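Read the single chain below, which is given as structure tokens and is the form predicted on its own.
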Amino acid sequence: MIIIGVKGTHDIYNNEACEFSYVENVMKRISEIFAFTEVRPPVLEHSELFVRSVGESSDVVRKEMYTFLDKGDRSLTLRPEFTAGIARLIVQNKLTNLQELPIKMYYCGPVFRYERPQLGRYRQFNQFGVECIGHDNPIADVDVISLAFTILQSLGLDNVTLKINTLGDEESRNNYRDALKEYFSKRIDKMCPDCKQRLELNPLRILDCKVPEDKEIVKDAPKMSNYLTDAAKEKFKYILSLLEEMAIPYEVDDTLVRGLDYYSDVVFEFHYKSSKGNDYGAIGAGGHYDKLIKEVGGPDVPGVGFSFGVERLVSVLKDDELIPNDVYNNLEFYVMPMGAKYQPTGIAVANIIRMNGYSVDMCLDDIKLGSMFKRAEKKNAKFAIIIGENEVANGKVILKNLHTQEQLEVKLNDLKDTIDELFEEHECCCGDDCDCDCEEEGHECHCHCHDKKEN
């Protein structure tokens, strides 16, 4: 019997794994430029952490968590999001006492939600995000938004719009909840069962309902902007003015609340429309939170963060052909022993080349030379190393450029220097010394200066 993967999960391999690594590496590099450092919290947390921090009224807690009892009868949960775990990490390790504030961390890894599997939605998926914790300056919020916007631009997503709203301070939210409760109480009989529960737990959650009939009712609901305190209005106005100065386009969306209960003040989503006019909707989101760190036992300090779904970003980039061709694994050398008895020499030669930073694979089957060349072509190898009776007898190998078909005999003692020279001799992609016409329109560059720089 063949055992298949768990429903709602997917395997990432070959070119897709290269695409994921590319997107993740761009996000990590940009985050480090913004002075964020990596954090790796555990996948398992006590269930109470998410119930207290994410909120009982959220769909994540009510419907989507993978929760179970372990052998010690403790309730554990596979993380449905990262922020609560990072808050717990900071409190448990007393980082607010030991590090200069704000604490700036980025993360990347799998999260788990029991959702109905559909196109582009999985029960295990990957998130990348950041948290900036411990400082109440609104510039921290703007800095995090700027980081997310910079990441999207660095990935080539030009038509990005920031949708932004404020949930105000605590007084603003309390007044707004009362207004929403009064409005929806008169209409709740016509709304979905989830909204009936949300009305009692947290009426702000109703604003995020996806049921079409309920969305029509939501359109006429009171607006948050009418219940903001003067201080909350001034803070939001200040944040918007900073975004304008930084040329980050935004739209104020009065219905934007986000799906987790710990958010307060500014919340935001990034929406993307392709150059072809395809509207992908929200491709990332985040917001400010005031009470989360205190809720998990720490000091009363605020934070702000965002997250991107890596699967969604990869899908968007592929649809718009924004994944660079050079992100895929391209083999530099393929070693071809012409018979099993020459394979020991082949693996020794392969390791010499590997120790100098080049990627090498070797044919392990005793097959004809033509078949080995076909395998090298499938692997997109740049060079072949041919080893036969004559080469072993004379301490040489044949080095063949699989793009130009040029080949030369190289003594084993000279192999390292010869390979280095091959990868150094063309600086043509970057200057005026091009001798392979790579700058001609439509001509594929076969020089290896970029590869050498990578090494």
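All residue numbers refer to positions in the sequence shown, first residue = 1. Since the structure is predicted, the reported quantities are computational estimates derived from the model, not experimental observations.
Heads up, the form predicted together with histidyl-adenosine monophosphate isn't pictured, but that's what we're talking about next.
**Q** Thinking of histidyl-adenosine monophosphate in the predicted complex, which stretch from 150-158, 189-197, 339-347, 75-83 has heavy atoms inside 4.5 Å of it?
**A** Going through the listed ranges, the match is 75-83.
**Q** Would you classify residue 115 as touching histidyl-adenosine monophosphate in the predicted complex, given a 4.5 Å non-hydrogen atom cut-off?
**A** Yes - in the predicted complex, heavy atoms of residue 115 and histidyl-adenosine monophosphate come within 4.5 Å of each other.
**Q** Going by a heavy atom distance of 4.5 Å, is residue 175 a contact of histidyl-adenosine monophosphate in the predicted complex?
**A** No - in the predicted complex, heavy atoms of residue 175 and histidyl-adenosine monophosphate never come within 4.5 Å of each other.
**Q** Any chance residue 333 has a heavy atom within 4.5 Å of histidyl-adenosine monophosphate in the predicted complex?
**A** So residue 333 does not count as contacting histidyl-adenosine monophosphate.
**Q** Find out whether any non-hydrogen atom of residue 203 is located within 4.5 angstroms of histidyl-adenosine monophosphate in the predicted complex, and reply yes or no.
**A** No - in the predicted complex, heavy atoms of residue 203 and histidyl-adenosine monophosphate never come within 4.5 Å of each other.
**Q** Which listed residue (354, 233, 223, 121) meets the criterion of a heavy atom within 4.5 Å of histidyl-adenosine monophosphate in the predicted complex?
**A** Exactly one listed residue reaches within 4.5 Å, namely 121.
**Q** Would you kindly say which of 134, 309, 298, 138 lies with a heavy atom within 4.5 Å of histidyl-adenosine monophosphate in the predicted complex?
**A** Here the answer is residue option 309.
**Q** Which of the residues spanning 387-412 lie within 4.5 Å of histidyl-adenosine monophosphate in the predicted complex, based on heavy atoms?
**A** Not one residue comes within 4.5 Å of the partner.
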